[in-house]
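Shown below, as structure tokens, is a lone chain in the form predicted on its own; questions about how it binds or moves come after it.
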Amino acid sequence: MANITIEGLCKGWDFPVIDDLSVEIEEGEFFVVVGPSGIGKTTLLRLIAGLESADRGRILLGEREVTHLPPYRRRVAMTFESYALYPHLTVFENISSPLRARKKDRATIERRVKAVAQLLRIDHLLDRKPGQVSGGQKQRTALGRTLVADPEVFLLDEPISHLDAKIRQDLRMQFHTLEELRRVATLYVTHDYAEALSLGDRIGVMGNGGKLVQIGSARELFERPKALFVAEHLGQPTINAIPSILQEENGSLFACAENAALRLALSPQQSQRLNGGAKRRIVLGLRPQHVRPADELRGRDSEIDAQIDIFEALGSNGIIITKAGGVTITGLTHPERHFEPGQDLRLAIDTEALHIFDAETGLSLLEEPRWQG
């Protein structure tokens, strides 16, 4: 078993895809890389697996450098988003292929394949070929082939993205306790923030240019994003991002929305950390769970007049999309409530939970690295 160490990894074609990326994933750690499609997540996995060659940097599995080794000498198991199944083999034969390649005995192969097939709910499909099963069943077959292997490292490329919602949820729960994944270093990439927050011991948010913008636990990334990019890609509904200007009045700082009437007072602690940044252009970040009808949120809040634009009842909660001071703001409400478009209401905003980002760099002004006035 081994950890994964990546040092200064670079890969590009006509443009950079992975740029000076460094990270260490410990043995037994489930590390999730999350980011939008096309940002380089799959390329990172292919570089570790040896399916692409690095332009610069090093990849180590434990103490062994594998940067220039062929795939068959790296002892990694990878699940592809595109299945990559053998069409002429049955589901059983596809899943068992890594074991047969290592010449495991028939009893071991049957035991391990059947156990994984039951876990993935495809044990009744073992005699069928890929052309005779659905897309979701093909994805589970590809995942099963990875799970039966005995590698030093697991690489999972959006392995449950094509599955039904109920099966996705079941597998997410299994990933938390699956011994095969928890005794080696596992690198899992996804565009689904819920998967990332649910599964990752640590999470790396990949941004444009092939860099990990921030690495941390789910709570750290969600509650203390160091960049607007991170805040926008973790959370649903997405964070309200309001271009604003800081203004000072009687020793207090206010965030005033650009070309709109919305004006929110910052807390003394926030004002102190901003260190007198009046007239600075910012992006005000406000998560929807900190915006509610005034009768649902009391205490550390500011109240503003608003009007319902759209109301969505989602069972566990309601989503209110409002207009306030010329700005669109999304908030949440109790599931049993109902609002009509055009309805007036008083909104409460928990200003202690505001995030403030520099308008030019996108970096947080309340977290490190911090702007000094």
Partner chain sequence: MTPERKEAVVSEIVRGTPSTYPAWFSARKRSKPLIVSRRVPILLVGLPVLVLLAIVIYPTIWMFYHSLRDTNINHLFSGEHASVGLENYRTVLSSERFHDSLWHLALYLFFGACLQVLLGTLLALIIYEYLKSNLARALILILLVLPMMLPPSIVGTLWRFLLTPSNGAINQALLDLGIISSHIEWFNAGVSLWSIIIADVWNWTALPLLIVYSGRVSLPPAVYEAARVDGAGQWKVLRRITLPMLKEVIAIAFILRFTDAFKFVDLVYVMTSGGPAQSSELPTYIAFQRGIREFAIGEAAAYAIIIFAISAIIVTLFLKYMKRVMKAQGLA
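It should be emphasised that the depicted structure is a prediction, and the values quoted were computed from it without experimental measurement. Rigid core: the largest C-alpha set superposing within 1.5 Å between the two forms. Residue numbers count along the first chain shown, from 1.
Another form, the form predicted in complex with its partner chain, is not on view; read the next lines as being about it.
Participant: If we define contact as a non-hydrogen atom of the residue within 4.5 angstroms of the partner, is residue 268 a contact of its partner chain in the predicted complex?
Facilitator: The answer is no: residue 268 has no heavy atom within 4.5 Å of its partner chain.
Participant: Is there a heavy atom of residue 226 no more than 4.5 Å from a heavy atom of its partner chain in the predicted complex?
Facilitator: Taking the distances in the predicted complex, the answer for residue 226 is no, it never comes within 4.5 Å of its partner chain.
Participant: Does its partner chain get within 4.5 angstroms of any non-hydrogen atom of residue 46 in the predicted complex?
Facilitator: Residue 46: yes, in contact with its partner chain in the predicted complex.
Participant: Is there any non-hydrogen atom of residue 50 lying within 4.5 Å of its partner chain in the predicted complex?
Facilitator: Yes, residue 50 is a contact residue.
Participant: Name the residue from 183, 88, 121, 176 that puts a heavy atom within 4.5 Å of its partner chain in the predicted complex.
Facilitator: The residue from 183, 88, 121, 176 that makes the contact is 88.
Participant: Let me know the one among 114, 100, 281, 172 whose heavy atoms come within 4.5 Å of its partner chain in the predicted complex, would you?
Facilitator: For this set of options, the contacting one is 100.
Participant: Only one of 191-199, 236-244, 78-86, 259-267 gets a heavy atom within 4.5 Å of its partner chain in the predicted complex; which is it?
Facilitator: Single hit among the candidates: 78-86.
Participant: Residue by residue through 119-138, which ones have a non-hydrogen atom no more than 4.5 angstroms from its partner chain in the predicted complex?
Facilitator: Counting only heavy atoms within 4.5 Å of its partner chain in the predicted complex, the contacting residues of 119-138 are 129, 131, 132.
Participant: Once both forms sit on the same rigid core, is the C-alpha displacement of residue 90 at or above 2 Å between this form and the one not shown?
Facilitator: Comparing the forms between this form and the one not shown, which are aligned on their rigid core, residue 90 does shift its C-alpha by 2 Å or more.
Participant: Rigid core fitted, is the C-alpha displacement of residue 182 between this form and the one not shown 2 Å or more?
Facilitator: Shift at residue 182: below 2 Å after core fit.
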